[in-house]
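Next up: just one chain, as structure tokens, the form predicted alone.
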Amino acid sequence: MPDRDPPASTPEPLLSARGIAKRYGAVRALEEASLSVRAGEVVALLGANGSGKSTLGKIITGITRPDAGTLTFDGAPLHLSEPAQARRRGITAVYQELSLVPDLSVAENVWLGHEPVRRGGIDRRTMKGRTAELLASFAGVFSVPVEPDTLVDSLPPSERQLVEVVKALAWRPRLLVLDEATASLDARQVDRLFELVRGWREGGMAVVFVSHRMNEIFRVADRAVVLRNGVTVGERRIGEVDEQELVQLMTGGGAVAAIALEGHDAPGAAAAPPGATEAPVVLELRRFASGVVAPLDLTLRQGELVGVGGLQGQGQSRLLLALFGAVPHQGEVRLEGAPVAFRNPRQALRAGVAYVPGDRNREGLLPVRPILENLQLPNWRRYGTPLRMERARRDAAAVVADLDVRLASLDEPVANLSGGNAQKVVIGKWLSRRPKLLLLDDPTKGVDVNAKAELYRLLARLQAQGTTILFHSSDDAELLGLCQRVLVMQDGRVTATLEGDTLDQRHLVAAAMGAQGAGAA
């Protein structure tokens, strides 16, 4: 029998990342993360919320510097201190968060920072011509006309996302990172993008593909690399794996909520108020919709703590804003049995609805103003005209003592507080109003472990007092440890409601990724 031909040697990776570590204070974003991608290969980078995908992508593209580990590109060490260095080496990215300048034209955005030059000035004719050639890649899938001279500010989100792709291609990359780049695209645009990805792969480009849609990964990727808790835990060839095995890798096979709660007591499903299923109904939604949020029905009872999960940017924040009257909505809303139609947050406040935003510095606080003013922002009217300041200070001091806010004086700027204490101020300003319904949008983001534990105890106390809480968190384990039910959102739709036996990390990740068998719809 003739000898078999020796197997073809595996080509060396175009990009190799080994032992990458990154910490932000006490938070470990990455620890022993590894990734390799070869020329002419599409690698899907997978992981649950907080697994480190975005951090690793930012390190590859020069946005973030690693604390440890090695990067090589085309066989040579890669040391990046800014994205411009990465782009000059042939590495660029398309992110879900747009980086376009609204007041500039499409062509000016595409070539910003590397404009073609002729006779010492910008060659606008060449710039527009090359932009038109790149835009032609998406001919037939634009919902509105897009020309080189079109102002970006006039374009809808999907067209802006395609301009981001064109902007990345203008650098003629050898490695392209697509980080949730399909999130705002319609089906035709996604199909066209994937046609282009296949062409780029055949032309030798390497692509790192991050997506929250499991079906997209199986459509376009050659291989999947999985991160869990900042560590690369496995890789699989797409033709040799199914959805459930990838979910198993992402979750480790079970619910690990207690780990993320750092051993602190949390309300948890077991702490549901006695007879919660028979408790009075506080909120009823029928065919409730707003923007990207598809029509949904929902019933919340007194004292319930219900979570809203899924990967980030799936409509969770929009849902809470619509319930608070901050953005328009359609459908029927009943609060304690009475129909309501909040046209602004002031009406919601009067009805007993409170909202804690995800970005406390931009939306929840006046950072340069005193703590006293921030605590009393929604309450000044109750202190009359002229203001009864002594009573306002007394009430604010009571909230500070109740929440154990660490401060020097009520008169110091709230910007002087730590992240955890500032978040307590955001929540504390609502407590004196005794809300019937409390809407929380990722309230523990950016706070330390002790502050988280104090918030968990506060939520347990509010539940015991009968407050109904709708709680969005980007921390999956937090949802599992705190909530009796979790609504999982994908692309603006509630794709699963997890409770009882399905309230675990495997079902939560599967539902967020759109995998089969994700739980009760």
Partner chain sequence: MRPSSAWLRNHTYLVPLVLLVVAVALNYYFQPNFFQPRVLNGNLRVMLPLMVLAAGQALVIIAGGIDLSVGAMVSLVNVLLVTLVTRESGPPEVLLAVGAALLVGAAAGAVNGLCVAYLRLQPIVTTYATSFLFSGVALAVLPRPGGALPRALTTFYRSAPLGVPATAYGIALLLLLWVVLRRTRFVQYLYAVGGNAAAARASGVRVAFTRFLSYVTMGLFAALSAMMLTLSTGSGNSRLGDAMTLPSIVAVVLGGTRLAGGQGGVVGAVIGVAVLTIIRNLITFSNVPTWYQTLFDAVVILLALAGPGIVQLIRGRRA
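Residue numbers count along the first chain shown, from 1. In this text the structure is predicted, and so the values were computed from the model without any measurement.
The discussion below concerns the form predicted in complex with its partner chain, not included here.
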query	finding
Stretch in contact, per heavy atom within 4.5 angstroms of its partner chain in the predicted bound form, of 197-205, 121-129, 293-301, 135-143	121-129
Heavy atom within 4.5 Å of its partner chain in the predicted bound form - the one residue of A401, A76, V117, A341 that qualifies	V117
Selected contact from S99, S418, N215, Q244, since only one has a non-hydrogen atom within 4.5 angstroms of its partner chain in the predicted bound form	S99
Joint contact, A422, K436 and A460 to its partner chain in the predicted bound form, by non-hydrogen atom at 4.5 Å	no
Non-hydrogen atom contact G313 with its partner chain in the predicted bound form at 4.5 angstroms	no
Interface membership of A397, its partner chain in the predicted bound form, 4.5 Å heavy atom rule	no
4.5 Å heavy atom contact, G234 to its partner chain in the predicted bound form	no
Non-hydrogen atom contact D103 with its partner chain in the predicted bound form at 4.5 angstroms	yes
Sequence-ordered list of residues in 148-171 near its partner chain in the predicted bound form, where near means a heavy atom within 4.5 Å	D149, T150, L151, D153, S154, K167, W171
Cα-Cα trend for R318 and F142, given that in the predicted bound form the distance shifts by 3 Å or more	closer
